[in-house]
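Below, in C-alpha cells: the form predicted alone, a single chain.
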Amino acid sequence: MDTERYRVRPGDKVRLSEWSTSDVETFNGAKSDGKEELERYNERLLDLQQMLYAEARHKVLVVLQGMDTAGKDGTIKHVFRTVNPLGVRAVNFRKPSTLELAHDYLWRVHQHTPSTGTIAIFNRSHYEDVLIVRVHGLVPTEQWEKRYAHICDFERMLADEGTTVIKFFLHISSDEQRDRLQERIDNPDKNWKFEHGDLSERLHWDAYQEAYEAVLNRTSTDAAPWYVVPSDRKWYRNLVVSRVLIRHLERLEMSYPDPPADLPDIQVE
C-alpha cells in the first residue's frame, strides 16, 4: 500500500480542492477486504507498540486534525483497537480553560506530549491556534501569523529530543460532512454527537479550507510531516493511517531488551 502519495513534502503548495477525499487507489480490494487488512494492521501495530513500550527508547506523537465529522474519534477507535492502553494515551483538546488561556498557547499542549516508550494521540491539537483562532479572528493577524514558525520550532525540538511526530489531516468533502451531520440528527444512537455549533462552523467551510492549506504548506517538515488522508470512506481512512504509523514505527528499528544473562538457569519454585 503506497501511502507516500499522501505525504506533504516541504515546499509543496497544497490546494485541497486538488486532493481527493474519496481516493482508494492504493488498495487493491473492496471494503470487505480492507476491513480484513485492517485486522492484520491492528496486530502489527500491537507488536510494534509493545516493543516501543518494552524498549523505552523512543516516543511517538500522533496528531489528528480535520473538519467536524472527519473521523478523529473513529480513527482512534479503529486504528488503535488492539494496543495496550498502558502505553497509549489519547488527549482531546477542547476550548481552552481560563487557566490555559492565562499561559502561552503551547503550554497546555506541551504537558501532554509522550514520555519515553509511549504513544500520545492528539485529537485536535496546537494547530487549533492557527485554525479556529484564524477563522474567527480570536487574536490579531500579526499574532497568529507568527505561530507557524513557533509550531515548527516546537515540533523540531520534540523530534530532536527523540519524539517521532506524525500528523494526519483527515480530508472529507463538504457533501460528506453534510451527510454525517444529518445522520447525527436522524440516528437516535448518534444524537449525542450533535452540537448546534457544528452547523454554525460549517458556514465557515471555505475559510477553514484556506486555514488548513496554510497549515499544510507551512508546517509539514521532514521532522514532522503532514499526511492528507482521503476520509470520505472510513475504512480506507483507517487503512492509510494504520499503514503510515506502521511504516514510521518500523523505521525506528526497535527490539526487545536483552533478557538477564542467567535467565536459562532460573527455576521458579
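Keep in mind that what you see is a predicted model, and the values were worked out from it rather than measured. Residue numbers run from 1 along the displayed sequence.
If you look for the form predicted in complex with a further copy of the same chain, you will not find it shown, but the lines that follow are about it.
Participant: Please identify, from 78-86, 183-191, 164-172, 145-153, the stretch that has a heavy atom within 4.5 Å of a further copy of the same chain in the predicted complex.
Facilitator: Among the candidates, contact is made by 145-153.
Participant: Report the residue, out of I132, L106, V91, L199, that has at least one non-hydrogen atom within 4.5 angstroms of a further copy of the same chain in the predicted complex.
Facilitator: When a further copy of the same chain is considered in the predicted complex, the option within 4.5 Å is L106.
Participant: I'd like to know if S97 sits close to a further copy of the same chain in the predicted complex, meaning any non-hydrogen atom pair within 4.5 angstroms.
Facilitator: No, S97 sits far enough from a further copy of the same chain in the predicted complex that none of its heavy atoms falls within 4.5 Å.
Participant: Does the 4.5 Å heavy atom contact test between R243 and a further copy of the same chain in the predicted complex come out positive?
Facilitator: Taking the distances in the predicted complex, the answer for R243 is no, it never comes within 4.5 Å of a further copy of the same chain.
Participant: At 4.5 Å between heavy atoms, is K59 in contact with a further copy of the same chain in the predicted complex?
Facilitator: Contact check for K59: yes, within 4.5 Å of a further copy of the same chain in the predicted complex.
Participant: Hey, in the predicted complex, does R124 get a heavy atom within 4.5 angstroms of a further copy of the same chain?
Facilitator: Answer no; every heavy atom of R124 is more than 4.5 Å from a further copy of the same chain in the predicted complex.
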